[in-house]
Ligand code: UTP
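Presented below, as C-alpha cells, is a lone chain in the form predicted alone.
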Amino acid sequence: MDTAKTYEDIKKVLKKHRQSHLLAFWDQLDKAQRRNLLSQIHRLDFVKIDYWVADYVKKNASVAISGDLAPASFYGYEPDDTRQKQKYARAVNLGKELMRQGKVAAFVVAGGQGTRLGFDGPKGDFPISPVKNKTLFQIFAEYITAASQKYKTDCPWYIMTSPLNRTRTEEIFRSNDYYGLEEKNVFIFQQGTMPNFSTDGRILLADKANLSCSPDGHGGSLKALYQSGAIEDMKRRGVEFVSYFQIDNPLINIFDPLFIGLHALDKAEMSSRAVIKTGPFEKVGNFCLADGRLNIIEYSDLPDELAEKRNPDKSLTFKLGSIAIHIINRAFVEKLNADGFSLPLHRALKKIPNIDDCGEPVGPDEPNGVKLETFVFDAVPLASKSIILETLRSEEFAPTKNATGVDSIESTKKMMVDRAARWLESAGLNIPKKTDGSIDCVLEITPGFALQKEDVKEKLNQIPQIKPGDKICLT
C-alpha cells in the first residue's frame, strides 16, 4: 500500500466529512501504526456516517410507531382446545424428526463480557450452576451433547463473539477440549463493529492509532452469520433452522421440538418465544401488530397509554414480552443478506473511554458519547410469516445480567434450583421445604440427566433420597 498516497486521499475524505481529527497524531505514529489507522478509516462508509450523525448522534431519531397497534396473537404454553392439542402433537413429532435429520443448529450470541457480574472475562465463562459451579458455556455444551445423543445426530453450535472476547473464547474452548463436543461442530466467529461518537458527531479515538469502536449489537448477528461463512457451513451440513439464544440464560431449552415444529408447520421465517410480562413497564420488548405486521417494540418506545392498557379481565392488552429466543430459517438469513438489508439503528448514550485533543486518556464518570447498535428482533417484521409461542418464565428464562438484585447471579441460581425441584416433584419425589415453602436443599439437574421434565420419570432409580440441606447434582 502506498501510505503517502492513501494518506492524502483519506485526508481529503476526512475533511469533507468533518472528521479530520482522526489523523491529528499522524506524525507521532510509526509505519505499522499508520498503515493500521488508514486501514481502519478506509473501511468506514462516510456517506452512512453523515446520516448517522445527523439522525442518531446529534439527535435521537424517534422510533416510527404506527398509530394502528394491536396485541399479537400467539400459541399458548398449553393448547387451547382439542384441535390445537392435535396440532401441538404433530408439531412435536415434526420437531423431533427435524432434529433427527440434523436440520437444526444452535446459535448463541456471546459477545459480552462479565463486567456487570464483577467477572473479568467472557460472560460465557461465568460459573453459574448451583452445585457444580459449571459455566454457561459448559451448560450449553452439555445440552447440545445430550440432544445430539438423544436424536442420534451431530447438532452444530455457532458462537458469535465480539472483538473484546473472541480470542479468549477460543482459548477457553480449546483448554476445555470443547467441553466434549467435536471441534468440527463448534463454529466460533466475530460480529462487526461500529465507530463510537462524541455527542457533537466526531468519531472518537481509542488512542492515537486506533478508532474507538463497539460491537454492532445482536442485530449484527444476521450479517455476521453470513459474512463469517457460518451460513455456508450450515448449508453444507443441511441445516435449515437456527435456534437463536443469548449467552446469559442457563434455563434455555435450545432444541424444543414443539417450538421447532410449530415454526416449520406454519412455514414461518423467524419466530419468537414470549413470556407474560410481570407489569406494564417490564424491561422487555413488546410483541405488537403494527398495520398487520408483527413487531417487537422496545419497552422504552411503547407509549405509556398502550403499555398500561387493560383488557376487560384486567390483564394487560400488550402482555407478551420478548425474551430473545428465536427460530430463524437459514434461507431467511441468506435472503436478507442477498438484498443488502440493514436493520434500524438504536442510540445509547454511554461512558466511552477515549483520548482528548491533546492525546490524553479520558475516563469519563458520566456518559460522554453515543454508541449505535442494531437489535435482532427488528428483523421480525421482515419475515413473510412469524409465530409466537408462549413459555413459562420459571421454565425457560433466567437472565444473568447483574451481580445482585433483579436478573442477578442469585436469582438465576434460585430459578435453576426451583426448576429442578419442580421437575423432581412432577415425577413423584418429595422435596424438603422450609416453613416458608422455599426449597431446603440445593439441586442441580444437568442436561445429560434430563433435557426436559418428562425425562426425569425415566431415571427415578438413579435419584437418591433428598434430605434437608443436601447438595445434589443429578448427572
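The shown structure was predicted, so the numbers you read here are calculated from the model rather than taken from an experiment. Counting begins at 1, following the sequence as shown.
The form predicted in complex with ligand UTP exists for this protein as well; it is not shown, and the discussion that follows is about that form.
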{"item": "Proximity to ligand UTP in the model of the complex, single hit among Pro250, Gly369, Gly114, Gly261 (heavy atom within 4.5 Å)", "value": "Gly114"}
{"item": "Listed residue that, although ligand UTP is not shown, lies within 4.5 Å of it in the model of the complex (heavy atoms), from Pro195, Pro257, Gly285, Gly217", "value": "Gly217"}
{"item": "Residue stretch of 341-349, 358-366, 388-396, 104-112 approaching ligand UTP in the model of the complex, non-hydrogen atom distance within 4.5 Å", "value": "104-112"}
{"item": "Any non-hydrogen atom of Lys401 within 4.5 angstroms of ligand UTP in the model of the complex", "value": "yes"}
{"item": "Ligand UTP contact in the model of the complex: Glu308, any heavy atom under 4.5 Å", "value": "no"}
{"item": "Close approach of Glu373 to ligand UTP in the model of the complex, 4.5 Å, heavy atom", "value": "yes"}
{"item": "Touches ligand UTP in the model of the complex: Met160 (any heavy atom, 4.5 Å)", "value": "yes"}
{"item": "Candidate spot Lys123, Gln191 and Gln246, all three touching ligand UTP in the model of the complex (heavy atom, 4.5 Å)", "value": "yes"}
{"item": "Comparison of CA distance in the model of the complex with shown form for Thr115, Leu372, at least 3 Å", "value": "closer"}
